[in-house]
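Read on for two forms of one protein chain; each stands alone as structure tokens, with the labels structure 1 and structure 2.
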Structure 1
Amino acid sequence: MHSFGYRLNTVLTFALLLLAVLCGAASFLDAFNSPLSASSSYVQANAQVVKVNRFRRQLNGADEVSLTFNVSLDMKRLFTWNTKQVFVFLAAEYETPKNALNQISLWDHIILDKDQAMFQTKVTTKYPLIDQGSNLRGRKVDLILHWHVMPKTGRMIRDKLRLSDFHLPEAYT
């Protein structure tokens, strides 16, 4: 007859194997349910700059900008049975003679469930837009919404959507 330890080992091994198979199946099946193929149509968002609060040159010569903008999001369709949370951030992207692409995160938010996935707010930049030089005067800046869908199990889905653009003033305020 088999001992208690042997039987316990068999039951635990079977339970862990079953859990691993179920997690693998959930990840595989969620790939068919994910909004990756048409995520831009799954997200409805808008961001408009309302005001340039402060535009100045720092002591080290870098430009610094503080903005106020309106953000409205509807990300309910990104939530599936496997979605744990969605990390959203608004980035400013612009070109300079030195760098082809400059990206600065202006605002971020974590959406924990589907009920919080639709909102509209007026926000001041969480992080100021700071350039390494004095390249921001008169510059065209694009606002890009990035999101990361974090599943309970499986791979993380990332995507982005260009929302709007604006021009910074020619003179410091």
Structure 2
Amino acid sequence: MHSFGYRLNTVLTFALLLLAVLCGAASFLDAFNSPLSASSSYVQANAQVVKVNRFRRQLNGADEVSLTFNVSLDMKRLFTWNTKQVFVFLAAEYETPKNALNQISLWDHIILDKDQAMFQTKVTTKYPLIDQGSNLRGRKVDLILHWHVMPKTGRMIRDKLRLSDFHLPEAYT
């Protein structure tokens, strides 16, 4: 009845159950860190385009833009004890006659630690803004900050915040 095998089995089952409950609790407690009102009070961020480095039409007829912009971020409040990293990226979003939505990631960054979650920097586009066609001249483009909170265990949380918009120049460079 109380052989070694049975005791081992009981101990292992109990340990696994406890671990599962702890993982579930860690993920569940993250919900209390979610913003109750608008996300704008939660993450402080700002991004402004300071320069259009290059604006041209590729040989296949697609417009391509390279930009430089200032980014300032404060994402400290996103971090809980269950947060492994925050993946943050800046996306250009715009509408064209052909596409209802174009979302293009321009720059991304991985924040591993709460201490590094507040910074200000000047960056160039990591991925060029390439349209599916040549619709970018004079186009109004929204800059939207997206973040993806990746937990040590459990549910992943995504959110976004509209930062600013800008108009691309009317002529290629």
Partner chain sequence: MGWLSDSLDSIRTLQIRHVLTQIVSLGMIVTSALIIWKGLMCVTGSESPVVVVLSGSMEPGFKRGDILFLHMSKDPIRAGEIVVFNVDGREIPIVHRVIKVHERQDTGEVDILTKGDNNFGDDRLLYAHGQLWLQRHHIMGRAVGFLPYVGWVTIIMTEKPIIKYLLIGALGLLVITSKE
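All values reported here derive from a predicted model rather than from experimental measurement. What we label the rigid core is the largest C-alpha set whose atoms superpose within 1.5 Å from one form to the other. One-based numbering along structure 1's sequence throughout.
Student: Mind telling me which structure is the form predicted alone?
Tutor: Structure 1 is the matching one, since it is the form predicted alone.
Student: Would you tell me if H167 moves between structure 1 and structure 2 by 2 Å or more at its C-alpha, with the rigid core held superposed?
Tutor: H167: C-alpha displaced by less than 2 Å between structure 1 and structure 2.
Student: Does M156 move its CA by 2 angstroms or more between structure 1 and structure 2 when the core is aligned?
Tutor: Superposed on the core, M156 moves its C-alpha less than 2 Å between structure 1 and structure 2.
Student: Give the rigid core superposed Cα shift of T10 between structure 1 and structure 2, in Å, rounded to one decimal.
Tutor: In the core superposition between structure 1 and structure 2, the C-alpha of T10 moves 3.7 Å.
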